[in-house]
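Listed next as structure tokens is one chain, alone, in the form predicted alone.
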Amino acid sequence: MSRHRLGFAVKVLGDGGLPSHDTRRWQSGPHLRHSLEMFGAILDRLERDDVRMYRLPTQLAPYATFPDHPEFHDQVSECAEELAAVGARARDLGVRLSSHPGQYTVLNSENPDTQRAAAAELEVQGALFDAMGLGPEAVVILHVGGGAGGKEAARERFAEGFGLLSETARRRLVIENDDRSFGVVDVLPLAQEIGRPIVFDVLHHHCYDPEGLTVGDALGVAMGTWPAGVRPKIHYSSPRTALGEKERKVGRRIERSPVVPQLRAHADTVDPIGFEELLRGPLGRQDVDIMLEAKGKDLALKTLRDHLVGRGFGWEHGELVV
């Protein structure tokens, strides 16, 4: 028997949706305390829906790393009590939290300013999780970044950027294989060098796998980087299959032509057939938490869960039982 928490990222869409964080412009005085109120409502929804895994928005503390706005830099310390309270609630509910800074957080950038900005972002993420009192399962996921100069040079720059981080930020950071430049085997030497785990993304592996590894073999590589006592996590999504449409103006007419989606584009929901094959095959009997990266967010998760329960899988205390 194996157990798996299923999670979704940032947006809550069901029942009219919920705001994920304070998105106001700096002129309106946004603040982490307002984001935490919104997060409290999301925790209530997670409890109601029996979901125990969630990815926080990276912008939970708005403008916290913007060099031109020092008035926002102390939000974590200013909200120490609120962060401790919301973290305690997440722990009581058994909700595993994570964050995933986006494409502009490039720790291996050749530009020192960009690298320092990435380090500052990771410091804030680590400080938030520490202030919440979260355990080692709460991680900050990052891609290796740019590949300028070749993979070895890119890994070296990442390791240098890692050296800029405090211990707080380092012990939260995990690395993910991407869909263009750094497959699992490319990430492994870096993970070993800095002593941090790999989050395996299944769709990215299908998009970029220079060594031709099966999903099972790639999973084995990634799982071996996680320390004892910390449940690994992976990312799962299905590729978008619906045709898009491209418009082109020709004189006074608009011509429309179909566009086939790229493999790396995420679908709105999760293919239950492929997901069940993952559960019964490559995952084996390993306890692994699975972040679903579907555009349907919580709706996609609940739809998948209902299908799996109908197929005979168990659901106990927010975990899928295989």
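This structure is a prediction, so every number in the text was calculated from the model and none was measured. Start at 1 with the first residue shown and count on from there.
One more form of this protein, predicted in complex with the DNA, exists but is not displayed; see below.
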At the 4.5 Å heavy atom threshold, is G147 in contact with the DNA in the model of the complex?
yes
Indicate whether R33 is a 4.5 Å heavy atom neighbour of the DNA in the model of the complex.
no
Answer with yes or no whether E110 is in contact with the DNA in the model of the complex, where contact means some heavy atom within 4.5 Å.
yes
Does R180 reach the DNA in the model of the complex if we count a contact as any heavy atom within 4.5 Å?
yes
Partner-proximal stretch of 211-219, 170-178, 147-155, 194-202 relative to the DNA in the model of the complex, 4.5 angstroms, heavy atom
147-155
May I ask you to list the residues of 62-79 that have any heavy atom within 4.5 angstroms of the DNA in the model of the complex, in sequence order?
Y63, T65, F66
